[in-house]
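Only one chain is shown below, in structure tokens, and it's the form predicted alone.
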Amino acid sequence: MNEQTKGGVIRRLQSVEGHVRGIQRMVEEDQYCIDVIKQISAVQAALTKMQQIILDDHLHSCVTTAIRGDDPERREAVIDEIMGVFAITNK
């Protein structure tokens, strides 16, 4: 992962961490369920965005290098990895 992407992901993770702590406080304070659900949805959206950012970086770096490389086993391995990610996310 390049340093710019890494820094952005770390900042987003720190934000999500704070958000999750806020959700925990909401639950502890017995706040309205729908408000809690909305905050959970916001965290899920943030995590999905990070997943997209990391995948984009991976496709433009590791996968591109493997596809352009001379090692057919490595090419197949990265394709299998990507297919595995899609299989997990589409469950």
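Only a predicted model underlies this, so the values are computations on that prediction, with no experimental measurement involved. Don't overthink the numbering: it's just position in the shown sequence, from 1.
One more form of this protein, predicted together with another copy of the chain, exists but is not displayed; see below.
In the predicted complex, another copy of the chain lies farther than 4.5 Å from every heavy atom of E73. Though the partner is left out of this view, Q4 does not reach within 4.5 Å of another copy of the chain in the predicted complex, counting heavy atoms only. Scanning 1-18 for heavy atoms within 4.5 Å of another copy of the chain in the predicted complex gives M1, K6, V9, I10, L13, Q14, V16, E17 in sequence order.
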